[in-house]
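Consider the single chain below, provided in structure tokens and representing the form predicted alone.
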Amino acid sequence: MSISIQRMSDAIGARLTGIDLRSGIDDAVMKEVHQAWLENFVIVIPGQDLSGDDQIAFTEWFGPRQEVRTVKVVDEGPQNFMYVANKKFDGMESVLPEGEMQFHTDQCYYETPSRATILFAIEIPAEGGNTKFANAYRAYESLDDAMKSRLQGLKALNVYDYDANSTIKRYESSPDAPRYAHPVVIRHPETGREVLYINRLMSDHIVGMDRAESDALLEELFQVLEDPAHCYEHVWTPGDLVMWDNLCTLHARTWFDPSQSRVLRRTTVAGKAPDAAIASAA
């Protein structure tokens, strides 16, 4: 099996072809996939025909699988995956409302965010419902030394209110919504690089900072993270398997017609609590 790797943008993402994951998990092939993922942060493996078990096997090659914990849609036993869907599918209810979804990282509102997220496309609308990815390494590296120094030691409280702010943050979050404060700048556990670890949907405020100052600082940083120069927009095709590094990327969803089906199967790799990084400008 010969893998071909094609960069999808200057900032982030690569398309891997010459892989058929139905033939089983080959360690030599998966080591190439892993390296491509570390180097490009988002990988797309198109043209797959995967069962849930196939996807779980792929996921677990990278580490322990994270049981679904944001939205439970099974009554008993572990939930190995969920559907990001706008309709009931395979006996499971939809888990996210339709429409646009702001940039975020998965499960940053827990002490241990997901290490990686994998989506497999089953049904895709004719237009829209694309996923935008942003390179948080590149965003941090674009900051000037004064800003890097200012961010040292800061933490942001990340909150996810599934009922009030599931796709676009508009309202105050419920006091019962899961939340956790992580360093604004973390050090990636495999590459050692510094990452700007905040996002528009879930980062509520800088801990210990005046709210107005916090809002202004976060908005300035969100603008950097969401700069199109740091982003790639993926247009889905059924059979796409997309995996992203959840610690050094952000993702967002574009609007789509809610009368059209959008169904993707989601699995995640368990992670550890991110470590704070000391800015290289120090």
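Note that residue numbering begins at 1 and tracks the sequence as displayed. Note that this is a predicted model, so its numbers are computed, not measured.
Just so it is clear, the following notes concern the form predicted together with N-oxalylglycine (OGA), a form of the same protein that is not shown.
In the predicted bound form, Leu96 touching N-oxalylglycine (OGA) (heavy atom, 4.5 Å): Contact with N-oxalylglycine (OGA), yes.
Contact test in the predicted bound form: Phe41 vs N-oxalylglycine (OGA), heavy atoms, 4.5 Å: Contact check for Phe41: no, nothing within 4.5 Å of N-oxalylglycine (OGA) in the predicted bound form.
Contact flag, Asp204 vs N-oxalylglycine (OGA) in the predicted bound form, heavy atom cut 4.5 Å: No, Asp204 sits far enough from N-oxalylglycine (OGA) in the predicted bound form that none of its heavy atoms falls within 4.5 Å.
Close approach of Met101 to N-oxalylglycine (OGA) in the predicted bound form, 4.5 Å, heavy atom: Yes, Met101 sits close enough to N-oxalylglycine (OGA) in the predicted bound form that at least one of its heavy atoms falls within 4.5 Å.
Interface residue in the predicted bound form among Val84, Ala116, Ala139, Ala156, criterion: non-hydrogen atom within 4.5 angstroms of N-oxalylglycine (OGA): So the residue touching N-oxalylglycine (OGA) in the predicted bound form, by this definition, is Val84.
Contact segment among 52-60, 22-30, 245-253, 211-219, judged by heavy atoms lying within 4.5 Å of N-oxalylglycine (OGA) in the predicted bound form: Of the stretches listed, the one contacting the partner is 245-253.
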